[in-house]
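To begin, one chain is listed below as C-alpha cells, in the form predicted on its own.
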Amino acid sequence: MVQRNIKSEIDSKLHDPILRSNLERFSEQYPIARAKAYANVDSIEDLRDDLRDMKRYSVAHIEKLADEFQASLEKRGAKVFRAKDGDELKEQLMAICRENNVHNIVKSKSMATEEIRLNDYLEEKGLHVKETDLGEWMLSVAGQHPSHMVMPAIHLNRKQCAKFFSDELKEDIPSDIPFMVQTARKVMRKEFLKADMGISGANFGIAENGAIGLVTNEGNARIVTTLPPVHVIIIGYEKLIPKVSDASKIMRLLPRNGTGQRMVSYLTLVDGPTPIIHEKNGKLIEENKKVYAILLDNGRLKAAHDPVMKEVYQCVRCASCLNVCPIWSTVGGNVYGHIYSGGIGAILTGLLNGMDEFAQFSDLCIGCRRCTTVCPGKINIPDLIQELRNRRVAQKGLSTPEKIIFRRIMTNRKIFHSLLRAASLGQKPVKSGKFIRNLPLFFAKMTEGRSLPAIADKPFRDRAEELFKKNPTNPKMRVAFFSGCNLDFVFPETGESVVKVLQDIGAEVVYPQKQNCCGKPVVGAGDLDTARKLAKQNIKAMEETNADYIVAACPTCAETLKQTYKELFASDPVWLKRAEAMSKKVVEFTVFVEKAYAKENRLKDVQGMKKITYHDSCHMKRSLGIYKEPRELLNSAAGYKFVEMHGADQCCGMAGSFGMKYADLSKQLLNRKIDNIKQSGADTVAVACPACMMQIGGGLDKNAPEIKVKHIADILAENLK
C-alpha cells in the first residue's frame, strides 16, 4: 500500500480554483435539479423502501442469483465466467482475447474495471484500449482517475479538456464544447469501427433472464455492446437483481438521484448474442456476435455475508451521497481511495482494498448524515464507516497519544478536569476576552480565519450550587442537567441560562458532579471499551439524582446518552437495562422547553426589531430529528424577528476533532456558513449545539464581529426576569 499525504493532497485541491468553482456550482444546482426530477412522485420514501427491500433480498440470495443469472445467460448462448479477484479476471479476459484474435478494444465506463486497473494491464499486454465515455477518455489522456462515479471529469473545465484534446490529437482544439463533442465523435467512430472487442460494465444484471442493463447519457455504451463482434460484460456480484420488474425499482431512482433526470438518454438491455454484420477476411458477413460475462468477486461475496457491512450493497452507484457531501463538494473525489470516493467510497475501499487504505481517509466522513437523507438504498453510510473504524481499532489498537488521552485521562474525571482547569490558567498569555485569536509557531494555522474559544476561568460545575438556591419552592419536576464538556468548561454562562430557563418552567434542577464526558469523541475514534467505561460513570451519576428527566443542551451528548449507550451495551443485559432506563429520561433542551411553553401557551409569533437566524446542527437535525422546536422557540422570542438562512442545515465544519485535525478544510465549510449568515441579514445567529457555537462564534469573531452567536438557552434566558 502506498502511504499518502492526505493533508497535502487536500491542500492542493483547496488551491485549485477550477475544481472549487465547478464543485460549488454543482452543489448549489444539484438539490434543485433533484427536487424537480422528483416533482411528479407522490412518495420518494416509498420508492426508496422498495429499492432497499429488493436489494436486501438480492444480497441475502447473492449466490442463488448468480447461479440463475449464469444459467439464463448461457441458455441464450453467452459464456459466463466467475473471477475470485482482479488477477483471475485478467487471465480469463486474456484467454478470451487470444481465442478471438483481439487487438483493439473499446470500453464503456466501468468502475469494476477501474477497481482492478484493467486498462493498465491490457496495455501492458500490447492491446490497444480506448475509453469511449467522454469524461473517462479525457481522464485517460490526462493520466487522472475519476473524481466522481457518475461524472468522472467534473473537476475539469472546458479549457483543460481542450488542452487534453489537443495533446491527444496533436492539433489545436478550441475550447468550444459542441466542437469538442463533434471531434470526439469522429475520433471514437474510428475506434468503434476497428474494434475487435467491446468491454462494458453493467448497472444491473437480471437473474430471471440473464439480461444486463446499461444506463448512460452519451450512447457510447450501446455502440460498445453492439458494434464489435465480441462483447465482454464485467459485472460485480452485487449488481445482480432477481427479476425484470426489479429493474424498474432502480430506474425510478437512479437517474433522478444521479443527475437530476427523470430518465437518462439511453437504457440498453443486453441479454445474449444477436446477429451482426461485420467484416471478416475482407468480406462483410452476418453472424452472431460472441457475448461473455465475467462475474467479479474481489471481496464482494465475503462482504455480502457480513451481518453489518452487507448493507453497502444496497448501493446503485448513483453517487448522490457525494453530491450532498460537504467534504466532496469542497475538495472533490481524488483525495479518497484510488477509485471509489466519498463516504460510500471509504466503505468500498475498506472492504475491497483493505483496512489500512481505508484508515488513510476515513476521517473525511464527518458524520453530518446528509447522505442518509438522499441515498436511494437507504444506506446508513456514517454508521458503516464507524463500524469499520471500530473493527480497525479492535484489530490494530489505538495510537499512543489516543491511548493516553482516552484511557488514562478522560476516564479519570479528576485528572481530566484538573487538566482543563490548568489549561484555563496556561492560556492567559494568548487569551483575549473570551477568545484565543492568535497562536504562535506551528499552531498558527488553527487561528487563521477563526478564533478559538478560551476555557472559562470558572467552570459551570463550580457555579452550580449557587444557581440551585433559586430552584422553585414547589417544583413541578426534578431535572438533572447533563452539561457535557463544552457547557461545563467553555460556555458556563450558557449552562447558567439553561438552568434559569428550566427553573422558570417549574423544574428543580440538580447537577451531578460525578458526570464525565459523554464519550462521543471516544466512540468516534472506535475505542468502544473506553466508551463503555465513560458510559457506566455517567449512568451511575444520573441514577443517583433520582431525577424525573435528564436534560442536555448539547445534541451530541443527548444522542449519546439516549441512543449510543444502549448500542454499547447491546450484549450486556445488566448494563443495557440501566442504559434503557436512563434513555427514557433523556430529553434535548429545546424539545423539553418547547413542550413546556406550548403547554403554558407561551408560543406566540412575535416581530421584534433584531433579526435572528438559526443554524441546524447535524446531530440535532439528522440524528435526533429536531428542527421544528428551535424555530418555534425563536419565533416567540421577544425582541427578535426570525429569518431563515440559505443552507441552514449545512455543516459548519466543526465535527469534533475534524475541525482541528483538518483545520484548512474545516475553515472552508465555516466560510460557506458565515457567508450564508451574512446574506440572511441577521444580527444574531442562534444555535442549539455548543460545538457549532464554538466554530461559528470563532468565524464571526474574525470575519463579522458585528453578528453575534447565541445558544437558544441564552436567548430564552434574556427575556426572563
Partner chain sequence: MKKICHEWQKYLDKGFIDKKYWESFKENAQAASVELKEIKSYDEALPIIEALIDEVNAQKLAGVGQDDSKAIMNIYHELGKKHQIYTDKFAITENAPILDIGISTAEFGVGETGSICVDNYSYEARLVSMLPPINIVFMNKNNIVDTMTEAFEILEQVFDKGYTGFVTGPSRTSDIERVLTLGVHGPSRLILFAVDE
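Numbering follows the first chain given and starts at 1. In this text the structure is predicted, and so the values were computed from the model without any measurement.
As for the form predicted in complex with the partner chain, it is not shown, yet the points below apply to it.
- With the partner omitted here, the residue from 264, 477, 643, 95 that has a non-hydrogen atom within 4.5 angstroms of the partner chain in the predicted complex is 264.
- This chain is displayed alone, yet in the predicted complex one of 122, 235, 153, 371 has a heavy atom within 4.5 Å of the partner chain; that residue is 153.
- Proximity to the partner chain in the predicted complex, taken as heavy atoms within 4.5 Å, picks out 24-32 from the listed stretches 683-691, 24-32, 666-674, 58-66.
- Residue contact with the partner chain in the predicted complex: residue 192 places a heavy atom within 4.5 Å of it.
- Interface residue remark: residue 580 is not counted as part of the site for the partner chain in the predicted complex, having no heavy atom within 4.5 Å.
- For the chain shown alone, residue 496 is not a contact residue for the partner chain in the predicted complex, no non-hydrogen atom being within 4.5 angstroms.
- Put simply, residue 100 is far from the partner chain in the predicted complex: not one heavy atom of it is within 4.5 Å.
- Along 255-287, a non-hydrogen atom within 4.5 Å of the partner chain in the predicted complex is carried by 256, 261, 262, 263, 264, 265, 266, 267, 268, 269, 270, 271, 273, 274, 275, 276, 277, 284, 285, 286, in order along the sequence.
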